[in-house]
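Here we start with a single chain on its own, the form predicted on its own, put down as structure tokens.
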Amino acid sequence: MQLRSVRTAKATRDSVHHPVFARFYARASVAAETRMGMAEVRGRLLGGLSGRVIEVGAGNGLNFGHYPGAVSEIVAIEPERALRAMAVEAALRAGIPVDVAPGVAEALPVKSEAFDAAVLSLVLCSVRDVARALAEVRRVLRPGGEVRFFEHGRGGGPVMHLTQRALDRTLWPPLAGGCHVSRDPVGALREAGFELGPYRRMSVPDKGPALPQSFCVIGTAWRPVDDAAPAGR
């Protein structure tokens, strides 16, 4: 598929740069498509979307092949250079126009109220400022615009919560490209002013022992129809 517009120019300095983790993530995510059922999860996450969609933190572009034909355009934002290059390759194989662009979730390089839907797929764990990132998502969505989210975060009992917090304070973020395992994506969306729709908690993988990063949630939220236009571009 010919891309409508792909921005591949490098910034003078990448704000996010995790080349070793990017290579590991790319291999692990491709394997997870079948071994952990992620392809099916992506299908559920994206089914029924239409219009213009912004995907924040597109990674290596594995979602692109799961968007329905009613989506007219995807703008995919990815800050990490190596993953962004992989997303460009994935965009070339997509069945709908995909524009892969550099940028961070806390300062999306797009106009306000320009999108019908936003997709957050395993990204809120690694943004530096969750509240600011979600304020940006709210800004770029039209009133009534939809958020589809699939995220991992806090889960399990008291011992697991303690383990997750300890990992977030020590080894996990530097080893896992800035990822945190104890964040609360549903609570963050609510606090950011989104109206929560149905969501379902799940474990990935669904069999075997639960790991600190296993506790996931998939669901839908909306920018309120009567939401006043937030400040921004």
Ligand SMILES: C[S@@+](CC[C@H](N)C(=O)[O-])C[C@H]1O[C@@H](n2cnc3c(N)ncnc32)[C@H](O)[C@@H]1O
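Heads up: residue numbers just count along the shown sequence, starting at 1. Note that this is a predicted model, so its numbers are computed, not measured.
Below: the form predicted together with this ligand, not depicted.
Participant: Residue-level contact is defined here as any heavy atom of the residue lying within 4.5 Å of this ligand in the model of the complex; does residue 80 satisfy this criterion?
Facilitator: Yes, residue 80 sits close enough to this ligand in the model of the complex that at least one of its heavy atoms falls within 4.5 Å.
Participant: Do residue 93 and this ligand come within 4.5 Å of each other in the model of the complex, heavy atoms counted?
Facilitator: The answer is no: residue 93 has no heavy atom within 4.5 Å of this ligand.
Participant: Test of understanding: in the model of the complex, would residue 128 fall inside 4.5 Å of this ligand by heavy atoms?
Facilitator: Although this ligand is absent here, residue 128 would touch it in the model of the complex, with heavy atoms inside 4.5 Å.
Participant: So, residue 106 and this ligand: in the model of the complex, are they within 4.5 Å at any heavy atom pair?
Facilitator: Yes, residue 106 sits close enough to this ligand in the model of the complex that at least one of its heavy atoms falls within 4.5 Å.
Participant: If contact means any heavy atom within 4.5 Å, which of 186 to 194, 202 to 210, 54 to 62, 161 to 169 contacts this ligand in the model of the complex?
Facilitator: Looking at the other structure, the answer is 54 to 62.
Participant: Out of 71, 122, 101, 117, which one falls within 4.5 Å of this ligand in the model of the complex, going by heavy atoms?
Facilitator: That would be 122.
Participant: Does every residue of 16, 25 and 42 put a non-hydrogen atom within 4.5 angstroms of this ligand in the model of the complex?
Facilitator: Checking in the model of the complex: 16, 25 and 42 are all within 4.5 Å of this ligand.
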